[in-house]
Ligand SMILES: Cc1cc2nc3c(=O)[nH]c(=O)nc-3n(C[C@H](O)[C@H](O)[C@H](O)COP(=O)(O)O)c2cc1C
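Let's start with one chain on its own, the form predicted on its own, as structure tokens.
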């Protein structure tokens, strides 16, 4: 049997020419720096640069993580949407503190965000829902995310039925759909280095002001 430990150790990391990270001249807020890095990822055609890992905990402190899509970012925070009936929706209703992680391996860049997920309300959630594709809306309207599924045929039939509903009623809203804004209190930017002299810059919110500081690798 192949030695997995050796296999993993021989895999290359942080390959290629990675950007330098000049921490002497950074924006006042992490939101501005994140947008700079996001645009760099897009220009470099990083696959799905808006994909992020969101980490939550349940009422007993058990952690959970999954990947979903960033919907927007502004001076208030980072936006995502989900069903209130999903596992993450239920966990957020119990413990609103979450973490977001972005990693763009081709650039050796990582961003870690810690904060609180704020429900944006019914109107904004409805607007977000209607901006989704017909298939995405139909899938959400089934309303059984994370429940046990007996077989794929049941899913296929349910999706066909809900897709017909969406086509017949284009403004149909899934009442459990929620748009959230993660209002951050810490944001860390990590730039990898082939010599392991990684550069880490953390913004910390203190008395409504962002304070940047360097961290040891």
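What you are looking at is a predicted structure, and each value in this text was computed from that prediction instead of being measured. Positions refer to the first chain, counted from 1.
FYI, the form predicted together with the ligand isn't displayed, but the following is about it.
Colleague: Since exactly one of 68, 172, 57, 40 fits, which has a heavy atom within 4.5 Å of the ligand in the predicted complex?
Modeller: It is 68.
Colleague: If you check 146, 76, 72, 116 against the ligand in the predicted complex, which one has a heavy atom within 4.5 Å?
Modeller: Answer to the contact question: 146.
Colleague: The ligand is absent from this chain, but in the predicted complex, do 48, 82 and 86 each have a non-hydrogen atom within 4.5 Å of it?
Modeller: Answer is yes for this spot.
Colleague: Considering the ligand in the predicted complex, find the one stretch among 150-158, 28-36, 60-68, 186-194 with heavy atoms no farther than 4.5 Å from it.
Modeller: One stretch meets the cut-off, namely 60-68.
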